[in-house]
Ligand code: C2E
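Take a look at this single chain, the form predicted alone, given in structure tokens.
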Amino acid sequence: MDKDRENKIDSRLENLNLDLLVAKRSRLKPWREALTMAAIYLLIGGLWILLSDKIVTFIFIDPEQLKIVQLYKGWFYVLATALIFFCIFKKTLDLYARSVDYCIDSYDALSQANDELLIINEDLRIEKELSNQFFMEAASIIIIFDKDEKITHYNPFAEKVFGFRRDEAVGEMAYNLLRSNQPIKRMREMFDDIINGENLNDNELQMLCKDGSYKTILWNNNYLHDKDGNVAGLVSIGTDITERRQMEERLEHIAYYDTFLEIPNRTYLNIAMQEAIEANKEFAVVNLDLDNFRHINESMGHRVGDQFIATVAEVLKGLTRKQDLIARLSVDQFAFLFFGEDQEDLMIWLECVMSRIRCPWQLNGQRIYVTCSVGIALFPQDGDNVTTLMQNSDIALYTRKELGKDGFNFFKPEMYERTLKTIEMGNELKVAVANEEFILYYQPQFELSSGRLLGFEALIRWNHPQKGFISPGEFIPLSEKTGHIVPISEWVLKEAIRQRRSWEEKGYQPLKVAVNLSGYTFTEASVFERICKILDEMAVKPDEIEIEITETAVMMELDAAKEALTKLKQKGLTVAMDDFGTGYSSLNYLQILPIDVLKIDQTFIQNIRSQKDETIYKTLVELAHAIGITVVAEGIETAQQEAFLIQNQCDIGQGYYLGRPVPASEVEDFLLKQVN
């Protein structure tokens, strides 16, 4: 009901002065009032008749005067009587007029009040209808309790959520019907707290439904009051937030767990580490990375790779102690929090983990062998915060990888210094790529039997503005890790082709230029496509460029290398295997891969000292010649080495004894000497 409207009605009813009217009416007795007035008039009239003549005759003796006085006395009586009647009638008529006015005003007030009451009743009817409709149709649980905690009202949505019918609910105690995951005693205490004005809103409870399932309900409560303002009951409105909570739990799970392996992720690990640091617990961060897992993905497919990772994760979970934590950091990288200060326990556990990883795995019908590299940082020795500990465990891990993988390293401060230098060089390398700080040197290659110049091998150098020349052995491995090898390889290829054509345009004898390309160029399809695009755009002819790839790169990605080299062969280019003899030196590569040239590494040539070494070399040359492969010897430094190679049918040679690598400007002088 509208408050202003109530106040107006109350005002009109107050103006009626009903109490005063009733009091006046109770005192008003018409017959008594009339009798009183008649008695008074009779008394006055009687006294006038009896006494007036006596008084006049006593005063006036003269008959003439007495006659006049008697006349005046009569008129006075008439006037006095008229005045009395006037007063009596006026009083009566005034009372009547006031009564009529009062009745009219009262009727108007009652009419207006009645109109207002009719409107209010209609509003109340509508509000009641709306309230009832809301109660019946609301998509919220609405339950009304009396002060004794019994259910008095129970809406259809509550029936739908909890499964209890209205007739089953009404009259029941709240905690007998709607049980939660809280004990009944605690439920009673909560209800008492609410009745007493505590925790009215935002009470979240797990409620037991009729079918035995639980629903998460968020309750908000309001009081019902009686006419005296006392709490008579409680209206509880509940919202079913079961799906929302389940969604939040799923999102939380996604945020803190690896959804594929169902183990904690990096975020969870960081939180757990921070808690351990705050609790001042001693622990080790063990950072484990599977070596060369990428080859499994690429050779067997990502589905098989995922299955393998899942199997490894199950093994690692089985090896993780109850007090420790395992987490997944990336595709093939895991981390452990190993609690305790006894490093001997850590070493025993770590050896157990690495031994299990080294065991043969059955994968897609094949037996494969896998190793892992591990970096370890200790709290508090190696860092007092999450970021530092993770960084230092990473540094220890990648230091292990640089040393040959399949082992573990504890973090040492000098590793950090080395990493800083690597990062510094990485940044400088980025600038070098942008500013083209590289230069190509060219080392001549000769036909050993005739001494005829056949071509050059292009060798990259980094001319650092402050540090001077930096050898490829320092920056090429780093560029492969950082991805800078791609623009470097593109630059080398373009520059070698450009320079070779420049010499040809100047009239020098056309010579083939051999270009080394990183194994990364052949194992990444997108990068290899960019190389092929350059070859097509520059319309490279078969006799211009020879592409060299190392034996190590072939060994890492045999299938990818085979496919890439086959495409180069289809373009008419010559393909050479570089540094043969430094790796596993599998002769099977010569049979599988489309190789035109076999370059024997200088260390192999320089280590020929015995009859056995000579026999191995001769057999290798004979085998290469038998399958149509040209043999090139690298690193010839003495006349004796050259003589041995000529004697044993080596086709081509290069080395300091025959000619050092020189910049392009000096190559032209060299070519002039060759012509002369």
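Just count from 1 along the sequence shown to find any residue number. Note that the coordinates shown come from a computational prediction; the quantities given were computed from them, not determined experimentally.
The protein also exists as the form predicted together with the ligand; that form is not presented, and the subsequent description refers to it.
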Output flag, V312, F339 and I357 jointly within 4.5 Å of the ligand in the predicted complex, heavy atom basis: no
Partner-facing stretch of 515 to 523, 498 to 506, 147 to 155, 249 to 257, counted where any non-hydrogen atom is within 4.5 angstroms of the ligand in the predicted complex: 515 to 523
Candidate from P472, G383, G163, P487 lying within 4.5 Å of the ligand in the predicted complex - any heavy atom: P472
The ligand: the contacting residue among L573, L234, I605, V492 in the predicted complex [heavy atom, 4.5 Å]: V492
Heavy atom of S373 within 4.5 Å of the ligand in the predicted complex: no
Interface membership of I217, the ligand in the predicted complex, 4.5 Å heavy atom rule: no
Contact of I460 with the ligand in the predicted complex (heavy atom, 4.5 Å): yes
Contact of G45 with the ligand in the predicted complex (heavy atom, 4.5 Å): no
In the predicted complex: members of 563 to 579 within 4.5 Å of the ligand, any heavy atom: D578, D579
